[in-house]
Structures are given as structure tokens and as C-alpha cells.
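In C-alpha cells, the next block holds one chain alone, the form predicted on its own.
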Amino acid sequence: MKEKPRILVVDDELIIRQSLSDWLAESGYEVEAVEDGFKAIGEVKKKKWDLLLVDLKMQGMDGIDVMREAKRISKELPVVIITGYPTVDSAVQAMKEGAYDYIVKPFNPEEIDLVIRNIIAHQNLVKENIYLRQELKRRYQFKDIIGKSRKMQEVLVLVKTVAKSNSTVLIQGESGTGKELIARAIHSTSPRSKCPFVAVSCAALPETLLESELFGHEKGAFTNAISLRKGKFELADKGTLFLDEVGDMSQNTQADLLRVLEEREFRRIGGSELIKVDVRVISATNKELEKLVKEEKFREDLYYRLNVVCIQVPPLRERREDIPLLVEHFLTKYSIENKKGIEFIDEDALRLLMRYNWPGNVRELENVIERAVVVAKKDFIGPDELPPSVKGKPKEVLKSSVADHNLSLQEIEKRHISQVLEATNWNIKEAANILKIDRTTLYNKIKKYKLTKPA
């Protein structure tokens, strides 16, 4: 539900205050009215307002004085002056002092409504433009990697150091910790920043398609290869290639990748031309590559090629002091995106967020805050806006389920899978990682237990 714009009416005439309040409330605004400038300034100090409607001539503080003091407290607060003495001088003075507009008594509801709609639309546009400019400027830079914790500060120091080099980097961490964001930060502050950053997920494609994705193919190389296609290595020439979930790469593709890293050249599938590239490779994985090497599921020589510099990204549960900063960032982001006036998160809700274990890490926290902003009916986030998983209910259900000896093992498994899916917002990849099973097994269990994602 969209928040109502909040308007403060300041006029020493009771009939004006009442009529304005009634008209504005009927038009869908949230309205308060006070009879003098001193009370108005008190309200501006206490609350956030979208607009002030202020009478020019009042006892004590006149409208210009109220506007000056209000703008000293909140510089961007728009003020409309109401005047019963329409002279050129008064209008000029009001606009010169910073009034957005002025309205002459007697006025009609349509006139006021038009002025206010224009102001609210303008304010929304200004907020969106400021946000978009900030996002464009900040995107993928170090200050977007939010964290004051010791572990994250250590990561940032390493990121800044390695960005200056041309070394191959391996980023390790659980799903949702922000590995791609770190890869982009390295690229954006490196000498290659003006060249392409190309990302490819090694887990999203089967072996044959991944090879084509990485190295490209010639026309007619295989069925459906109707034209020449450049691969990610070619597209990333002079820039950075980000290989996400490199631990899921097949043995054959691993061999091909190793050859490119060693020789800096390759052939497209079905082609004979040798293509040379200058590409920095940054890879990421949520798997323990060292363990996979011991199990002979990942090539040892490739592991050492990729792991020249290793950045270990801590899970959110190991840097809980960063949660308030992340919450503030996501609140601002999604309040603007959804045109909601969410100002803060209350202590009880923040306490729940700090206590929760975050199996889906920062990505799960972002999902939770986005959901909270969307469903919020007030100007703040409280416990009611948080999902049951964060409030602890799934854990309580699971605890009682395990204690109930009348339940079968299958029923306990069904409940546990359901809770993990809810906690990860039905992100199959994350849920499978938490459950320590592959995605095919998880899909089969979802089908077996007839689990469905909530609408």
C-alpha cells in the first residue's frame, strides 16, 4: 500500500484550518493542522512532512518566518504560502525566500489539489533522479560493499590491493555473500575498468553449452549453430571475465579453461583460427575447491592457476555487526523503488534480524527487507512485516516436530525442506546448498512432497 503524502497546515483562522484539512483528507492526504508558527516548527522538528501550507499573515511568526525556520530544519521541504493580500511584493518576497508556490484566498479545492499534485510529483521525480545518479556513481565501487566488521574490512583491504594487479583471483564464500559484487569492485577500480566486465555462470549451463558460451562457435559447428558466435573470452578481451560457480565446471571444460589460462589463446568450437586474448580471470565458488581437488573432481593444476589470490567472503552470521548498515541501505533502496515513505526499522524488528542465522546471507536479508517494505502499511518496519522464518516460527515447528515421536522420518524431512525453501525465498540453488543436496534431488523431493511456492 502506497503511503499517503503528509501535509502540515499552518493558519491562525479555525475555519481555514478545518476546511483545508477536510478537503485534503478527502483527496487522500494525511493532514495535520496547527494555529501558529511556533507549533508548526515543533511539528517539523518531530516529524517528516512532504509539504507545508502556511498562512502569510499570522500573529507572532508570520508565514515567511515559519518558512525560513522550517527550511533551516529541512532544506528540501516544499512550502506553499497562503495569502489573503495578493500583491506583487508579497508574491515576489515569498518566492524569493524559497516558497514553491503561493495560493490566494479565497481558494477552491481543485486549485489546491492541482498545486499539491504538482509538488508531490516533482518531489518524487527529484528523489528518483538523486537515487539513480547515486546508484550510477556508486555501482560496484568499494562503498557498495557494505561492512564495518573486522572481517569485511580485511576483505576490502585485500580487494583494493589486488585491484591494482593483473593477478587471477578466486573468491570463495557461501551463496548470497556478494561474490560477484566483489569481482565487479575489483574490475571497476583496476586498470581494466574502461574495458568489458563479462560474467558467466558455470552452474547454469550443461557442459556443451558452457564451452560454446566461453569460447564461441563457428557457423555450422553443431546443430542450431546458424551463425558465428563470439564467446565470453573474446567479448572480455582487455577486460575481466568473471566465472561464477567455477566448482561446478566439468572435467573437460576445466582442461580447456586451463589451456586458455596458460596460453592466452583458443579456438572457437568448429573453428581452426587461433584467437589470442588479454583477459583477467576472476572466479568464484561456494564449494571447497581444495576438497574437490582431493576427491579428484577438480583439477589440481587449474586450482592453483585460479587461486593466485584468494578472497574469502564471510557469511552474514559471522559479521552480524554489519546487519544494521545493510538494513539501512536496503530500506532506502526499496523505499524509493516502491515509492514508500519507510523511514526506519524499529528495535524489536532489528533485534530479530540480528538474532536470525541468515542461511541465504546478504541476498536473503535483501529479500526480507524488500518484502517488508512492500507489505508495510506504516512509515517504519516492525516485527509484523518480517516473514515467519526470521521471527523464529519455522525453528519452533521443527523443534516440536523432531520431539514428536509419532512423526515419520519422511514427514520431518518434508517439514525441514519446506522451512529451508521459505527461508531462502524458494531460491533452489541456495536451498540445495543449505540442505547439502544437488538441485535435481531437491526438485525431486519438492515433487515427491507436493510442496508449492506461496503466491
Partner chain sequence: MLCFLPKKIEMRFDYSSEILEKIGIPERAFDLKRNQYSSTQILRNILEFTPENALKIIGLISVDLYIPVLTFVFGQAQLNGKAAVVSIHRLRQEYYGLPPNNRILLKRLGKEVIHELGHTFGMVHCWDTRCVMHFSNSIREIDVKEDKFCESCSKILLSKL
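Positions refer to the first chain, counted from 1. This one's a predicted model, so the numbers in the text were calculated from it and none came from an experiment. Take the two forms, superpose them, and find the largest set of C-alpha atoms that agree within 1.5 Å; that set is the rigid core.
Not on display, but discussed next: the form predicted together with the partner chain.
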Assert contact residue (the partner chain, in the predicted bound form, non-hydrogen atom within 4.5 Å, options Pro109, Gly84, Pro191, Pro324) equals Pro109
Residue within 4.5 Å of the partner chain in the predicted bound form by heavy atom, from Pro388, Gly60, Gly42, Gly28, is Gly28
Spell it out for me: taking the partner chain in the predicted bound form, does every residue among Ile16, Asp113 and Arg117 have a heavy atom no farther than 4.5 Å from it?
yes
So in the predicted bound form, is the partner chain close enough to Ala432 to count as touching (4.5 Å, heavy atoms)? no
Please tell me whether any heavy atom belonging to Leu20 falls inside 4.5 Å of a heavy atom of the partner chain, as the geometry stands in the predicted bound form. yes
In contact with the partner chain in the predicted bound form (heavy atoms, 4.5 Å), from 283 to 291, 100 to 108, 299 to 307, 268 to 276, is stretch 100 to 108
Given a superposition on the rigid core, I'd like a yes or no on whether Lys230 shifts its C-alpha by 2 Å or more between the shown form and the other one. no
- State yes or no: after fitting on the rigid core, is the Cα displacement of Arg117 between the shown form and the other one at least 2 Å? yes
Core-aligned CA displacement of Leu386 at least 2 Å between the shown form and the other one = no
